[in-house]
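A single chain comes next, written as structure tokens; it is the form predicted on its own.
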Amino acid sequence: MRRLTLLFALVTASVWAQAPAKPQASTTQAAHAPDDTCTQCHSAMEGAIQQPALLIKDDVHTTAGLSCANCHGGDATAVEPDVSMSKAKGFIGKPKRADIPALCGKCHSDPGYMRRYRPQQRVDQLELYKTSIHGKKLASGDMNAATCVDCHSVHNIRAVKDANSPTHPLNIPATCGKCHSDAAKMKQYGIPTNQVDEYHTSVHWNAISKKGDLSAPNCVSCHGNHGAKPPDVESVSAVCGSCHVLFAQLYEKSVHQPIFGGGNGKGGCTVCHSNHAIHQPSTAMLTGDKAVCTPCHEAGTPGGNAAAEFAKGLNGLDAALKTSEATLKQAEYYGMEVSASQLEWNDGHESLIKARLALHSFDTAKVKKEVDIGLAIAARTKAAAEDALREKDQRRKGLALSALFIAITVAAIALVIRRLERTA
């Protein structure tokens, strides 16, 4: 045992002796500057000049391994200020506002450079920006015009998918609203400042904020992002139609398209649905106090009568389907087999959707066709549910009679047994 212990000690000592020693930092290495002296210095400062160093740790450029010098120039490895901020090494400090797009485009417009970090990212943002209302205003000398940093932030730029990014779908309205909700800033352009407030009442915002549908339209979906500009009035229908394809196809063939579409400057879809405050459509848009048809089609006119007929048909089908659905649920609650009728009810609801879609053709025959199909389905499914409920009642009566018969039989048997016991 002693020999084994001694042998183990000798082997261990031999291994440690042969292991390479941890290299010691040389005098030159110890004196070498930190990796980024910009953040080292600015972190030790106070106030606004300290903020970049605090924010940049979460910036997408920092996570990609880039440093302050990649945007501001200079030498981020030098300790001496006259070296780290040397103009000979390209130091520009705080860039002029008019130069920001080109500064960002220096990298973001270079396919070879961007391929190293984001191969899938587009590299035409700068060219698009030059075509935008913002780019054109900036080029004309208007320093109020939005630049890259107004939308993406400066030192804490995050990926679009990051929920904290100002360009995340949930945050875009607030980002655009920083300028477009500022009455003082928009006054000189004659632009309204209620767009964001109106948008927050819309079905699109409801889909994003409450239903979590990040694909629902936000400001840039209709106005563009880097090439942002208001859609031309004559192209509004095409913009809406990029999502609402079937509606747009019917509208293009309708009697309203020549009146509100084309190059007449009337606004297409926005005439009935508005632009930013797009609310859930209903038959109240056809008749009543909130009708959008009334300004053009007074009650009693052919157009007014058609609108009233549309509303009556859609309301009637909707009510019939709801009654049928309630009856089917009642039958299902009592354990009756109504699955086939429930599947058919779905076809009826699809007819309601098709009727609402056909409304954009403004063809009474097309709308009536779908309404009639849906009403027939609603009637059949309701009748099937009522038959099931009647069968339920018959079964209950039969069960009650059976229970009564069994009770009488049991009572009779009990009487016979008692008589037998007495005679015994």
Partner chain sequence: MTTREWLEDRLGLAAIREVAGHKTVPVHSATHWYYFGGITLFLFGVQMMTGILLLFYYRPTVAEGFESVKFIMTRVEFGWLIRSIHSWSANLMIFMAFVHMFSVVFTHAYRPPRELTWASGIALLALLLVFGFSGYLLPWNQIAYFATKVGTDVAASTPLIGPTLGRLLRGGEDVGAATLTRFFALHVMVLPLATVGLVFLHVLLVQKNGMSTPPKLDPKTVRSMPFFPNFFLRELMVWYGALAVLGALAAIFPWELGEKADPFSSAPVGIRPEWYFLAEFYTLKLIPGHVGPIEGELLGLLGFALLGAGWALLPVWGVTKSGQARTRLTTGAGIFLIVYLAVFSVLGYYK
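Numbering follows the first chain given and starts at 1. Computed from a predicted model, the values in this text were never measured in an experiment.
Keep in mind the form predicted in complex with its partner chain is missing from the figure; the text below concerns it.
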property	result
Triple contact flag Y333, I406 and V410 to its partner chain in the predicted complex, non-hydrogen atom at 4.5 angstroms	yes
Proximity of K369 to its partner chain in the predicted complex, heavy atoms at 4.5 Å	no
Exercise: K329 in contact with its partner chain in the predicted complex, heavy atom 4.5 Å	yes
Non-hydrogen atom contact K392 with its partner chain in the predicted complex at 4.5 angstroms	yes
Distance check, E337 to its partner chain in the predicted complex, heavy atom within 4.5 Å	yes
Residue (of R380, K57, R396, H61) lying close to its partner chain in the predicted complex, criterion heavy atoms within 4.5 Å	R396
Those residues of 400 to 423 which, in the predicted complex, come within 4.5 Å of its partner chain by heavy atom	I406, T409, V410, I413, A414, V416, I417, L420, E421
